[in-house]
Ligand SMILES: CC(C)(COP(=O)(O)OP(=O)(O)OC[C@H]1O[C@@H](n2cnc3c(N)ncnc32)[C@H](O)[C@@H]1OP(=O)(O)O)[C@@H](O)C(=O)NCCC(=O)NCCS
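The chain below stands alone and is given in structure tokens; this is the form predicted alone.
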Amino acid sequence: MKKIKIVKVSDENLVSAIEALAHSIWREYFVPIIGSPQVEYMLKKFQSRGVISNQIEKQDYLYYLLADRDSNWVGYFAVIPQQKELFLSKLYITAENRGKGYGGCALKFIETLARDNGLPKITLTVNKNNTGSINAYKKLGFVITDSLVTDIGGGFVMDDYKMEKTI
């Protein structure tokens, strides 16, 4: 794996970079899992520039871009500090960079962020059919703690497992 850079998203150019990554990653990765109509709906509802900016400015989300040594964007993640946990809202890596350790490096950074904020665990949700990610999270110490079905509008639901890791 190349050396990783983690860049906190602090301006609209970086938000635009996340939006472009999201559109590319989601269309490639999630269409086989949840179908194109739901992917397009979720991109608009959760991964668009305006929504991301609003989450950063008004909802306490912390977004970060992942870059290789050559400053090529290879992925992104977002967390939300909550009262007793750090919620990992998003962690996505481009297809050509999966399996190279970027996700693991991001999770080490996230664990440090949780510790630095006095938060004893990290939680996340993952689609029940996303077996690759579920297995990766398990290898990194996460356990399934709940099963959730959430109506997200537009006739769609998120059928997820809740996972957590005590740090």
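Quick caveat, the model's predicted, so the values are computed rather than measured. A residue's number is simply how far along the shown sequence it sits, counting from 1.
Here the subject shifts to the form predicted in complex with the ligand, a form of this protein not shown in this document.
S.K.: Flag this candidate site as yes only if 100, 126 and 136 all have a heavy atom within 4.5 Å of the ligand in the predicted bound form; otherwise mark no.
M.R.: Yes, each of 100, 126 and 136 comes within 4.5 Å of the ligand in the predicted bound form.
S.K.: Taking any heavy atom pair closer than or equal to 4.5 Å as contact, tell me whether residue 61 reaches the ligand in the predicted bound form.
M.R.: No, residue 61 stays farther than 4.5 Å from the ligand in the predicted bound form.
S.K.: I'd like to know whether residue 113 contacts the ligand in the predicted bound form, with contact meaning heavy atoms within 4.5 angstroms.
M.R.: Because no heavy atom of residue 113 falls inside 4.5 Å of the ligand in the predicted bound form, the answer is no.
S.K.: Does the 4.5 Å heavy atom contact test between residue 140 and the ligand in the predicted bound form come out positive?
M.R.: Contact check for residue 140: yes, within 4.5 Å of the ligand in the predicted bound form.
S.K.: Is the gap between residue 37 and the ligand in the predicted bound form 4.5 Å or less for some heavy atom pair?
M.R.: Because no heavy atom of residue 37 falls inside 4.5 Å of the ligand in the predicted bound form, the answer is no.
S.K.: I need the one stretch from 113 to 121, 37 to 45, 126 to 134, 53 to 61 whose residues put non-hydrogen atoms within 4.5 angstroms of the ligand in the predicted bound form.
M.R.: Single hit among the candidates: 126 to 134.
S.K.: Within 4.5 Å of the ligand in the predicted bound form, which residues of 40 to 55 have a heavy atom? Give them in sequence order, or say none.
M.R.: Heavy-atom contacts within 4.5 Å come from no residue here.
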